[in-house]
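For this one, two forms of the same chain are given in structure tokens, first as structure 1 and then as structure 2.
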Structure 1
């Protein structure tokens, strides 16, 4: 599916620009975006190093294990295929915690770490495992208690009540998470059946 989406984005963009007689827009957008991809990666190196460094300390000090033990009933339900004391679990928990607190920048390094650990458990390294799909579903839908960035923008726009959207955001993200987890369990079963045939 990602191949189709990727191709559709490119083709529709080029066709529309061509029909509008503005094909040079495509050239500029492609070159700028390629550069932006590299810039983003360079920008996150520092943050990645900082958070993964801190996480290593937290791990060796046993703090992540403690956190993992507390939320074990939930993670056992969500990730039945991952051994509960596996390092992947700690990274997943840190990633989700950062997302819940609205610390998007801190979430990415933990997410990447979680992926690397989940990949070690993956039987088919070319294809996403069930646990990876569940993790991504949680990650993209994640319940957010403090949408920090948007609150900041509302403050900057002179809002008299910048946090009035916190309640609606919690409601919307909770709905999204419930849908994502339910869909994950359903798709998982369907996919298993199909691959057995």
Structure 2
């Protein structure tokens, strides 16, 4: 569906530019956007290397384990069907920790590993388990305390105050997480009631 939306936007832009006799604007915009994308990607490599390095140092220093201990009571509530010593729980905690620090790229491998491990616990492999749905909701909407990637993009784009988004990011992601977890728990209860009938 998203591909259809992007295709519709692209085609409509080309048609409107053609009708206005300014088709060269489309070519110039495409080239400028491609150049800007490459510049931002190259500039953000350094920032990502810095944050991933700090994440590795934090992991070696035991800070990730400390964060994991802080998060563990929450994971027990959110994932009651997953044993606390199962590899899925470790991957979930690492994913949440990386997301909290705004390192979406670092969180992705942990998220994939968590889903693989949760699938091993899934009694019905053709259908997502409650734990998988909860994890997806949490991963998608996770609270972010330090939006490192966004700050890096803002620095690369020449923002005069790239960190001004920290407060709004914390508010928005906290609200999103609360809504996602609440919706997940409500839908779980409805699904259980419907499956009992």
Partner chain sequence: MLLNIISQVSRWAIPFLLLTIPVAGFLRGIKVYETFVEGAEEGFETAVRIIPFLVGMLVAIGVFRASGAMDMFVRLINPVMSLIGAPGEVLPLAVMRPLSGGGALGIATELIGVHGPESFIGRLASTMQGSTDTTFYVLTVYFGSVGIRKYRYALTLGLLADVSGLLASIFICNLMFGS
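All figures in this text were calculated on a predicted structure; none of them were measured in a lab. In this text, the rigid core denotes the largest set of C-alpha atoms whose superposition between the two forms falls within 1.5 Å. Numbering follows the first chain given and starts at 1.
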*When you get a sec, tell me if the form predicted on its own is 1 or 2.*
2
*Does residue 12 move its CA by 2 angstroms or more between structure 1 and structure 2 when the core is aligned?*
yes
